[in-house]
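Only one chain is given next, in structure tokens, and it is the form predicted alone.
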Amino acid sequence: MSLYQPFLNHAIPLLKERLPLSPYPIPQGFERKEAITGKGKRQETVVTTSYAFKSPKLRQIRAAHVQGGNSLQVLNFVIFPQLNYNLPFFGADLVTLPGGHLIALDMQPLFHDEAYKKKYSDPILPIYQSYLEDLPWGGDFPEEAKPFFSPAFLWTRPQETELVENQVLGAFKEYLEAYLNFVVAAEPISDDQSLEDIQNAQLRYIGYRAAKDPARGMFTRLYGEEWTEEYIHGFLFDLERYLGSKC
């Protein structure tokens, strides 16, 4: 079993238990994609599998799971709220490459004012702090990315796979449970200015993530540029397409 399959095995049943889920359309050709990399004894089949759901308060819940042997394991799991809720995004980027593990886990904020921070970041800080001893700060990341993360951004580069299997999985479970509590409690927003602010904040986030997607190079090498760009803009970060279809 892949390193990150247990994360999906936990998340999907939990989501189904806590929320009224329905399928979110996955464009044709993206449900599953395979490629062969390397030569001789180093040859590996790399499989990318996509999952997607929605619920009344969540526009898109989606995962991209890449399995390519011991040296390539990726799970990108993101939840995008409906545009009439000021919920943060849930984001988990779990990456294993030949050089080691890269873990990013957060409830990525729409806004940075004190009221928003108090509502959505402060309650998560005790969870965040409880993992810092085992999962220390992962070091510098781009200045331009900083507006998209919360004070409870768990960013770490664990050396041991055992830490991923135990502490990272534990943090993922706690963050997701806390996020779903926020979702259940969330009330819809109705005033026009707030709705405009929410849409603009979501578009900024999606625009940044689509432009800077670190998986672009990997997917392009595996599956080609055309497939990759359509996967990024037509599925992974599809808000602009979604809004266009509503017009």
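What you see is a predicted model; the values in this text were computed from it and never measured. Start at 1 and count along the sequence shown; that's the residue number.
The same protein also exists as the form predicted together with a small molecule; that form is not shown, yet it is the one meant from here on.
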| query | finding |
| --- | --- |
| Position in contact with the small molecule when the complex is considered in the predicted complex, options Ala215, Ile198, Val46, Ala178, heavy atoms within 4.5 Å | Ala215 |
| Listed residue that, although the small molecule is not shown, lies within 4.5 Å of it in the predicted complex (heavy atoms), from Ile127, Leu169, Leu110, Val95 | Val95 |
| Contact test in the predicted complex: Asn76 vs the small molecule, heavy atoms, 4.5 Å | yes |
| Phe141 within 4.5 Å of the small molecule in the predicted complex, heavy atoms | yes |
| Ala145, heavy atom within 4.5 angstroms of the small molecule in the predicted complex | yes |
| Partner contact for Leu83 in the predicted complex: the small molecule, 4.5 angstroms, heavy atom | no |
| Which of 153-161, 127-135, 169-177, 112-120 sits within 4.5 Å of the small molecule in the predicted complex, heavy atom basis | 153-161 |
| Three-residue site Leu102, Tyr205 and Tyr208 fully in contact with the small molecule in the predicted complex at 4.5 Å by heavy atom | yes |
